Every structure is written in structure tokens, then in C-alpha cells.
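Presented as C-alpha cells, the chain that follows is alone, the form predicted alone.
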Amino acid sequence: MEKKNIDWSNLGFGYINTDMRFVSNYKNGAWDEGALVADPMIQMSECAGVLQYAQTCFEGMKAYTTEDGRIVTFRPDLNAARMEDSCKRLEMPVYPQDKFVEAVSKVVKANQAYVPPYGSGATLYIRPYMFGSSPVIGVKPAEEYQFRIFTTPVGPYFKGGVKPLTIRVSDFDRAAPNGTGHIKAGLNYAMSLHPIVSAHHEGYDENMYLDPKTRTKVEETGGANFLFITKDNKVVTPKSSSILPSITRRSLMIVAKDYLGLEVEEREVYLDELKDFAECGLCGTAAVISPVGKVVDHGKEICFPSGMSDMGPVTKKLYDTLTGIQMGRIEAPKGWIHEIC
């Protein structure tokens, strides 16, 4: 299929309307078959559950053009499983995991003209989401829901190359100890907007959230998990029941162990340990790994030896290996690459 006339190399990370999206409705206790539709607009009651009580969850993933010209997605089964967890926590009906993966394939295939070519640095971002659509005035779950998937071509998260970030230790809490931090609920991201705007206003790129109970342990940022490298090249990630289980982070830990032969550890990470790490990064779908050069804890600077000019050497190997797998340059573990066309 002929690609759209888009300046792929100059794409930003924003929304561009594509031709088709997938829509399925839940009514009378069951999902319909769903269909691809052209209309990007949504019509619903002014009293819809999503508008009144934020009953919504979402996922984020990408489609890639590989080196040999295939269009693939990366571990969509894990996105389906994570969305199931989100739905259960928010008292929403689960969209079947096999149907989720099938719908992702249908949407990407229908919009394959928008999948950026290999080597452009751009990808097709995929956004599955679900929301309560029926009227709800008392505080209770909606009775009807809509599951949708749209796509949009996006450029690299970092224009002009990767620059290590400066982040601050936040005074805000991202999630309650027994709250919704472990699921991908829209309400979590609404709560993070004021802290991130505040951080940017003060000259920081992101927030480091600590555990809300003791405020001594590292959790995550508003939209990414942390990854640390010790001075003897061990890969460490924080462990907490209120951290979102990042698919990128889980994949990087396997890459570290099985491809790079590094020791890996998921454990509680204390704030006062940061000075002992050699490298730090934020990992997620958008950028894979964003290097962190400095953490500022209420005026006290914690600078990582990897510095403020480049990605650290171990972080760079992790990044290159995982993106090589995603783009088809490196053989993937079984089941990681879902071919669409």
C-alpha cells in the first residue's frame, strides 16, 4: 500500500487523524462484534459515567515497520492483560484479550498507509481505551461502555537526540498505598497534571514520586518506570504494589539478563541509595528509555556518573537491543513480535 504524503522525519509527538478506528459497545451485559469506522467523533450523554466519575482506562503501544518491510506490534498480549486488570479494578466489563489483539491488528492494517517507513525514526502510536458511556448520576458503575482504538503517526519522542533529564523529588503523591497506581486509569494521569506543570515551571523535566506511606522509597514518574544501573552493572528496578507494570520495563529486564548477560533485580529502592547508582533512566512506550542525569531533592543535587550529555553505556546497550528487537534487526524472544502485514 502506498504511504500517505507525510514528512515522516519532521513528525512531532502529537495527534494526527487517520482513516479508521475500531469501536465496540457493551450493552445488556455483552459486547457487540465491533467494527471499523471512519468518524473520529464520539457522541454520548452529558451524564455519561466517564464524564461524571472518570470511569475510563487506556493503553499505549506502537506499530513499527521492520527492516524487512513487515508491519508489527510489540507484545500486544501484555497490553490486553493490563487493560483487563484496569477494567476489573474500575468495575468495568473486560474486553476479551484475544479480541483486543485482533482489534489492534484490524486498526493497524486499515491504517497501514500511516505506518512510518523503516529508518524514519517515526512509528504509529496505538491508543486502545474504554469508558462508561451510559448516564450515571449516583456514584456507581455505568451500565454501558464503549471500547475504542485509534492510531496516529508520531515522531521520535526526543527531537534532535536524547538529552539526559533533570527531575525533582516531588512533594505530591502519585497514588495511595492501596489505590489505583498499578492500573492505567485516566484518573491517575489527571492527578499528575498539576505536579508536572509545576515541575516544568520550576525548570525540571519530570517528577520522582516516592512511596506515599514512608516517603523514603522510589516509585515512578507520572508516566514511566525507573531503571537504575549500579556501578558493577547490575540493572535494578523499584518494586511496589502501586507502580504501573510497564511492558517496556519488563521487556528491558529480560533483555538485560538474556541478551546482555547482566544481573537484574526488582526490589525496593530507597531515595538515599540514588547517590550510589551509576546510571538512571525512565522507561516507557514513548521513548523506550529516557536517560536521567540529575535528581534534585529539595535543593540537594544527586548527579549520576553517566553525566548530562549522553545516555549511559549500559542504558544505551539496553536501548539499542530492545529497539533492534522491535525493528527486526535482532531476533526477538518467542511471542514478542506480533506481525500484522
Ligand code: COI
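Note that the coordinates shown come from a computational prediction; the quantities given were computed from them, not determined experimentally. So that there is no doubt, residue numbering starts at 1 and follows the sequence shown.
A second form of this protein, the form predicted in complex with 2-OXO-4-methylpentanoic acid (COI), is not displayed here; the remarks below concern that form.
- Contact with 2-OXO-4-methylpentanoic acid (COI) in the predicted complex, defined as a heavy atom within 4.5 Å, is made by none of Gly12, Tyr114 and Gly121.
- Residue in contact with 2-OXO-4-methylpentanoic acid (COI) in the predicted complex (any heavy atom within 4.5 Å), chosen from Ala286, Leu51, Ala278, Val296: Ala286.
- Just one of Pro135, Gly223, Gly186, Gly179 comes within 4.5 Å of 2-OXO-4-methylpentanoic acid (COI) in the predicted complex, counting any heavy atom, and that one is Gly223.
- Residue heavy atoms within 4.5 Å of 2-OXO-4-methylpentanoic acid (COI) in the predicted complex occur in exactly one stretch of 197-205, 137-145, 121-129, 258-266, and that stretch is 121-129.
- At a distance threshold of 4.5 angstroms between non-hydrogen atoms, Gly60 is in contact with 2-OXO-4-methylpentanoic acid (COI) in the predicted complex.
- Using a 4.5 Å cutoff between non-hydrogen atoms, Tyr157 counts as a contact of 2-OXO-4-methylpentanoic acid (COI) in the predicted complex.
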